[in-house]
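Alright, two takes on the same chain below, each alone as structure tokens: structure 1 and structure 2.
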Structure 1
């Protein structure tokens, strides 16, 4: 295909992907009872309404608690899981590699329902804490894969070299293994947070009396139109975009620092 045609195709794909998101933003910019685009009176009234509601804060807090815990727990577990996935060669590794990704290839609402029965059989009342557990089942395998991709590019000989030079096991972990893994951990953490923050199908069944942001939006969206719903959708999305940008900036800085330190050590060794 010719280059201009390719550019046209890619532009069209991007526009189509963003049209719905843009639609929510446009809809949020008027405070009328019925959706009537183009708006006669553009206003940010829906946003002031959203910020004045206590519910907005509560929804964000619940989503944040769940996503933050999911991020921390999945990073801890997935780092170990990724070592077994990509770093070590052992009997049964190929079976483990297939089994550990199975939850990704399972319909989420079905998983959510199964979890609900599981909690009820154990006599556990669902709340945001059970949602953390449910999210982990789906997100942990994804984070394990993300960290594994990074680990595959890792040369274990570096560890041997450090040990030969007299580094202790702890020093090897802190100064060789972890710095190399850092970009994988940062992007894995970002995946975990954002996927949990935006998850709908698992949350619906497993949060009990608590409500996350996507759940609340789903229940409102399916019933009737109100500008404040669009405004809260935009606020929640912007919050996650902001977190994503901060993490990506951290990733860049970390990369630059790594490059500088490696070029510094190179210049020391050559001089």
Structure 2
């Protein structure tokens, strides 16, 4: 009796998670201006329109530029920040930890409005570059927490042992520290990219004349909906899924190479 209930519960959760996504796909296959189901006529004309419009490419490029820069900068800054409070004991460390995670608790529209006022006070015209800074303020604490969780389980004595065996500082970083942090870095990078790629509240206030994909989808659904809107949403979702799969494949290849390298080292030492 327990197992059927578990299966029913898990099925209900999966339906709640994926039915909204399925509804967008179904809406993209209609040829009517208004969303309704079932469709009288099915069509892939919306996808033809989406791929033929230059605007589709521009929207994805702007969103990709913002998300890619946010990912790179957040990984660099979050790694240094996580090391500062996960590996070293210094005065003010506790206050630093609280200040680092504080932006997560601000509502994003409030944070976006504060950013807009901040840029206006400095005379900076909002663009996709200011959106990168705004996204960083909210996403950097999340990536810092993800990497610090990995660092808390790391024994720095491994680095001391490598130095005692004659390894240089660069060799210790490349062959000891980074391989241990790799799962946290990849997870943090994925979080940063996907959170920035799909962000709407901060982008509305800070992109200025540039438009990201979530902003365009929101404005078109609110004012001028057409099936091409759902088609572009599906294309954007597939693009983010493809990027996630590429990263996971790279992680799997890196783990396989590490296992092969350790097996080769073990066989050499045995012989």
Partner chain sequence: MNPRFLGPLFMAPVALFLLVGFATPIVIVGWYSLMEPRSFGLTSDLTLANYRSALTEGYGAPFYWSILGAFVTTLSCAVIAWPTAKMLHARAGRGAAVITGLIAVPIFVSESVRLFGLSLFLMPGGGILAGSLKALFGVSIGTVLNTKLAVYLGLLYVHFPFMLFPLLLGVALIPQDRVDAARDLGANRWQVLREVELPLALPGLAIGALLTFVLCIGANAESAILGGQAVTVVTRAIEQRFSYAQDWPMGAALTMLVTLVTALVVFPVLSRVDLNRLIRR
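Throughout, rigid core stands for the largest set of C-alpha atoms superposing within 1.5 Å between the two forms. All values reported here derive from a predicted model rather than from experimental measurement. Numbering follows the first chain given and starts at 1.
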| task | Determine, for this pair of isolated chain forms, which one is the form predicted in complex with its partner chain. | result | 1
| query | Has the Cα of residue 90 moved 2 Å or more between structures 1 and 2, judged after a core fit? | reply | yes
| request: Could you check how much the CA of residue 252 shifts between structures 1 and 2 after a rigid core fit, in angstrom? | output: 2.4
